[in-house]
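Heads up, the chain shows up twice below as structure tokens, two forms, tagged structure 1 and structure 2.
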Structure 1
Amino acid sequence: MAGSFQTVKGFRDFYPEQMALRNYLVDAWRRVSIRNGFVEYEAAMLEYLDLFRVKSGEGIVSELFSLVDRGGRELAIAPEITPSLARMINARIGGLPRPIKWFSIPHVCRAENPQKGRGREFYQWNVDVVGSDEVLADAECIFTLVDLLAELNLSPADAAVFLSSRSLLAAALASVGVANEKHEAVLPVLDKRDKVPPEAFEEMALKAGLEAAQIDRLRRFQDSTTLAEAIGYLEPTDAVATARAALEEVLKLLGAMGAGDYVKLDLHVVRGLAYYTGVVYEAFDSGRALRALAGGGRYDNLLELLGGPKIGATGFGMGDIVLGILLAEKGKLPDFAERCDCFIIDAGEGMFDDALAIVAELRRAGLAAGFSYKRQALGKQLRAAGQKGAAIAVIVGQELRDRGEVVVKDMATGEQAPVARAELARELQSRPRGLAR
């Protein structure tokens, strides 16, 4: 059974150093969500498998970690949170004031083969606005994503959001004469264009029913760097004009919010999932060396598909793995260290219980107070304090009995001074803590 003592392939153990990174990302996600007016929720750990079948079809089943419980029910660990979000909102649709601005940080699982930036499980920050058809909701989600990048010290030179529109893509297909019934086959081809060689794209496009002239126009349309240029390759239909106006409005709102530098038009962005209906976007490292950092868009039909009302919805998801890799590569991670504000040392016979009482009191006052399990000489305990990275050592010796004082030593400067026992907690609370550096 030796194999049973291994970590399951594609899954991660979080030793303290990895846990510190995860907490750093999760804390930033939570902080940015809250200041942008989103409230946190989380869906049940397991869902009925059918929830994912309804949204994504039978094909999803092979990509899930699923199980049958003792009652014979087919359950699965969620591969994404959006179906659960729709289920939860549909269940309380009458009682939730709109717009519903929610975020979540679920641990999701996908039965894929592990690759760089892609495990079989990851944490995914999800930010959604449900119950609003306004492009303002799309803009606020994208602003929140940009706010996170800035919060983690990623500049527009490090990472950016690439913006497109499913409604504009649909209007574009229609305007160059692609019949509606072909769109479902054509959109995934346009989505894959950046990931395959030009000849392979052409072959796929022909197979999906596009003509050579259509392929050429759509290629120029996708490659355009401005919206005006892109529109120039299309017939001027009402649908094109409406979709263009909506996309321009999102760009204008993001400009007003000072996020313009982080947002670039990129009509290569299509998003694989069938359920998007409006603005879509992906965030990438600017070198485009890694997988997507985040992806999202508007999905106005999902809640209805899952038994609820027809109601506007928009949002995005961002995983922890690629983000962690990018921050490490860019040298933007802080130095994670165990927190030890002070280290309490017993100096002299019979002082240990006094030292322990001080440890307890300081901890109750909110300070991370360490001490040595072994009764050792002062020098050894000071070394232990240094190894723990303690900013301060508190030496509990005969002075306590004689004058009610302990000695406080600054571990960086070596300076030491007596402090009244009764004042110790207050005195140490007023000093800078040995927080994670």
Structure 2
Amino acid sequence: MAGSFQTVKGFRDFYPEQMALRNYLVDAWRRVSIRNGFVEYEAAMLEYLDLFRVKSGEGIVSELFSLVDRGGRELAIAPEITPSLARMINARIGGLPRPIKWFSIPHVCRAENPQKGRGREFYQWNVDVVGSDEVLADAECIFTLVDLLAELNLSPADAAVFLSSRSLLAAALASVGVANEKHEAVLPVLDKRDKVPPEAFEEMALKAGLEAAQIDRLRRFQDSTTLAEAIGYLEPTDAVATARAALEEVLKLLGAMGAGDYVKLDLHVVRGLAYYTGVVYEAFDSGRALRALAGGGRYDNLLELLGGPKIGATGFGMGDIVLGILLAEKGKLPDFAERCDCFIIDAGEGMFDDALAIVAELRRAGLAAGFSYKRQALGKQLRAAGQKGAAIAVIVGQELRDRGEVVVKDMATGEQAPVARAELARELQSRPRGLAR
């Protein structure tokens, strides 16, 4: 019976090798966040379903895992953390110094159809700046994303951040004569343009209320390779000028921070969520063969929508699944084979208690020390040390004990020398460490 049970579709077990990858990504996310000045928080896994209804509409219910508790309350497992972030900040808005720079690494769930790069659960790195209307906040979030790519040895030839603007897209719609009340229906269509065949896009655009001439102008606008070219297709309005200035300032700031090589203008990026209000962006592998690595932008209305004040906010999220696939495909992952700093060998009958005492002492000294569960000959224990990836073998024997010594063997070079037993921990701590953590 037990053998018939399997993992729920779209969910993952993390065996040690998968756990090593997850920890590698999480450690990098946390390291990059902290050095960029963000502090960590965590939100509740269960939220009231209405929190997501208010943010995304009734349609969100079919996209998440929801339940009714014994008190009749509608709850949901969080499919993202941004609404929870807004709820938490609203609760203490008067006492938080601004700008609020927070990051989190939640485990979230979505009731989606599993496919390559998308599961029903995943870990997501979220970085947000709340309480600033300055374009500098957008630039700092994008820089933090670029810093992570570089941290993981992904060059601009491997991955890039594609930059756009919801405010410029809205200004473009107004410029070509699309009424404001139609924007909410048209923007999601523009977001799907790269995801469907051209004829399907045109059909969707016409159904959303666009005319053929408007579709043509919007196509040319989105296909522009420079901001100046894109602006040339639009009427010169104040909204266009303001959105253009914000994009130009972000690009300038990122250039000053040395991140310009990673950032490209791409007005095809729309972001499907309705709450974005300004600069938006998505990170992709260079060939765009995979799903988006990350996505985000400015969302100045969300806190107000959830009952708080109108306050500037910007940030992004990055999932672990696509990132892990890209790093594997690019050969950028480290060797996750089991490692230990040293392996203690009892070379003779009656030496095991001495070996265990050394194991305990070295572990207390902060070294990853291993040993064999079986009492075996010296050669077999050395082979076990090699299989564990030990950097050093410590050999304990009767004569050595009588002299107050052990033998320390470098497993890479084969060189060995006696070391005073009392100095062993200090001696090993001074040597280059293995890969154990």
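Quick caveat, the model's predicted, so the values are computed rather than measured. Here the rigid core means the biggest group of C-alpha atoms that line up within 1.5 Å when the two forms are laid on top of each other. Residues are numbered by position in structure 1's sequence, first residue being 1.
Visitor: Pick out the form predicted alone: structure 1 or structure 2.
Guide: If we ask which form is the one predicted alone, the answer is structure 2.
Visitor: Given a superposition on the rigid core, I'd like a yes or no on whether residue 73 shifts its C-alpha by 2 Å or more between the two structures.
Guide: Yes; residue 73 is a residue whose C-alpha shifts (by 2 Å or more) between the two structures when the cores are overlaid.
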